[in-house]
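Only one chain is included here, represented as structure tokens and corresponding to the form predicted on its own.
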Amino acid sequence: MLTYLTAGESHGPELSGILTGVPAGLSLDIDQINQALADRQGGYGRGNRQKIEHDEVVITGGVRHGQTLGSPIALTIRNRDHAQWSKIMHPTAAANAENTLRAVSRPRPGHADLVGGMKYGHRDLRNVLERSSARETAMRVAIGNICKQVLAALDIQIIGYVAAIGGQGADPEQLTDVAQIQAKIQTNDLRITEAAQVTPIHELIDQTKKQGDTLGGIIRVVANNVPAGLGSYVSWDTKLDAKIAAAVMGVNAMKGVEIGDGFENAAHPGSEVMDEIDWTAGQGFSRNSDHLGGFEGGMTSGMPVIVKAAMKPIPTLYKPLQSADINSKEVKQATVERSDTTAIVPASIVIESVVAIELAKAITDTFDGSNMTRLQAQLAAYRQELSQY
């Protein structure tokens, strides 16, 4: 079974990850993983920490001579910023006046600070924010890129990009061809497809930064050549669209998920929403539209998989909102931590990554995921079977 686990704090020594269930015999390109990590650190509106971190993954298990072994893949990403936090974030040194100087007692509205402290009994909310930080998503990008390489070996392409920032749309065409989307978003530092919106959105981000505020946005993920029939209708917990929605909501700051046209479909009659069925000799069944985002009954339909996510603005504001001290109970301004004006660009790569993980998981659950060559042969045979249905 393909699954993963991450560990590590934002300013701790490193992030760690274990990924199990990757088929043996995949030619793994570590440069692709590191490029994805570099892309995650880019984007207009990012904060100063990205000038410190230069993320690179180190693989310490599960890969030999560039080939996956079928055993768990162990990964680490060093936190370079830890050098400035080594005493404060030391894993084993006893707490003292020197290494608790950055204790946090004023929780930030919209963050995990207060509720996490209440749940786990922490009196220093740094124990919460260090793990709830989006820094952890660097490891999910590394793991997701491995899964993306599994999908690529099966001729499945996937891309995540930014459809809107701060209410300003930047995706009028809503393309469904991954190659076309990739070509357009590579021309700017916002990962948007509409070049005319680059300057206006830059200006919006700059203005928001001057105001000490933050911006959210909409992310769109498209996957091509996903075979029909992944997932199942027989039980709620086997529906693949539900699993993807859960994975997306598990990413920091995500507050909404759509499959296909999602909420827009709710405003139209069924005759305008359902994807009519067609059939072509040699190809088999297809749909004349993709309003349902490549899913019917919790299963992939063979059309492009389309997932959208709504990201709230980052809760750390340089003009902090009202809070209350957990010790004195005095009403004060929330703690200010170093942050971005918007992290929608890196978030699009994170969402791409978690969707890739779920698609790879569904494929390796459906077919024999022990060996890459065998998996490729089984999927090819399955595609051929579907074309003759």
Ligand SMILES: Cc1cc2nc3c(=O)[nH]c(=O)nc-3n(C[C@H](O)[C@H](O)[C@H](O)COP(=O)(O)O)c2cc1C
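The structure displayed is predicted, hence computed values, not measured ones. Numbering starts at 1 and runs along the sequence shown.
The same protein has a further form, the form predicted in complex with the named molecule, not shown here; the description that follows concerns it.
Would all three of Ala223, Lys308 and Ile357 be in contact with the named molecule in the predicted complex, where contact means some heavy atom lies within 4.5 Å?
No, the whole trio is out of contact, none within 4.5 Å by any heavy atom.
Quick check on this chain: which one of Ala134, Leu175, Ile259, Ala164 has a heavy atom within 4.5 Å of the named molecule in the predicted complex?
Exactly one residue meets the criterion: Ala134.
So which of Ile73, Ala247, Ile314, Ile201 gets a non-hydrogen atom within 4.5 Å of the named molecule in the predicted complex?
Only one option qualifies, and that one is Ile314.
Even though the named molecule is not shown here, does Val251 get within 4.5 Å of it in the predicted complex, heavy atoms only?
Yes, Val251 lies within 4.5 Å of the named molecule in the predicted complex.
Do Lys255 and the named molecule share at least one heavy atom pair within 4.5 Å in the predicted complex?
Taking the distances in the predicted complex, the answer for Lys255 is yes, it comes within 4.5 Å of the named molecule.
Even though the partner isn't displayed, in the predicted complex is Gly110 close enough to the named molecule, meaning a heavy atom within 4.5 Å?
Contact check for Gly110: yes, within 4.5 Å of the named molecule in the predicted complex.
Partner proximity in the predicted complex: Pro346 to the named molecule, non-hydrogen atom cutoff 4.5 Å:
It does: once the named molecule is placed as it appears in the predicted complex, Pro346 has a heavy atom within 4.5 Å of it.
Quick one: find which of 134 to 142, 119 to 127, 154 to 162, 175 to 183 has residues within 4.5 Å of the named molecule in the predicted complex by heavy atom distance.
Selected range: 134 to 142.
Listed by sequence position, which residues of 4 to 26 have a non-hydrogen atom within 4.5 angstroms of the named molecule in the predicted complex?
Residues within 4.5 Å: none.
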